[in-house]
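Just the one chain here, the form predicted on its own, laid out as structure tokens.
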């Protein structure tokens, strides 16, 4: 799904994958060889599935982005390779398998096609139990994505371990959202910004604080950041999860 974001010149492409999708596309049909090897290192089934769902969502987003580039006549190394026009099935799985999402020095996703590193597209991905989400975007754009299940224990960890700004505390007191949901919205927004900056959480958590959060519709919130005013975020609240997308505005 292609998403236009206000203030971001380039479009982004969003995709999600759930445990049920693995019945249609078993991991061995779409994971690249290196991804299969990494998946086998997980000792337990849930972490392995989470890894797999994140990769599937990432590949679906990249495939959609590559198809759009081909449709508009763009040139570049990804356009002839990522073309999901064949639909579901073995042919499409092979196209997904040609994409490898590895990790850079700081753990950031790195896109490779056919064993080499193109420069046309980037990807950000996240996963929780039973759900993987991803967003693909033109290389050079700074975009990050994060998702969390709405969970009281997880929210309590955020409350106890994350120093909130005065602006965030004020919003928590004024919002009609349940506290657990609101805390996880703040957390996913911060983590999505860390991914967009390329640092992840390897920075002072205070530097990722939000300045303001506004309701933009049913279950949708937008915000800006206290120390990174060139970035904005969009958060969506579902029945079971909260997802935030941070992006640098033009």
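Positions refer to the first chain, counted from 1. Since this is a predicted model, take the numbers as computed values, not measurements.
Keep in mind that the form predicted in complex with a small molecule is not shown, yet the notes after this line are about it.
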key: Interface membership of residue 103, the small molecule in the predicted complex, 4.5 Å heavy atom rule   = yes
query = With a 4.5 Å heavy atom cut-off, would you call residue 107 a contact of the small molecule in the predicted complex?
reply = yes
request  = Consider residue 38 of the chain shown here, and say whether it contacts the small molecule in the predicted complex, taking contact as heavy atoms within 4.5 Å.
outcome  = yes
Residue 148: touches the small molecule in the predicted complex, heavy atom cutoff 4.5 angstroms = yes
request  = Please determine, with the chain shown alone, which of 27-35, 220-228, 57-65, 192-200 has non-hydrogen atoms within 4.5 Å of the small molecule in the predicted complex.
outcome  = 192-200
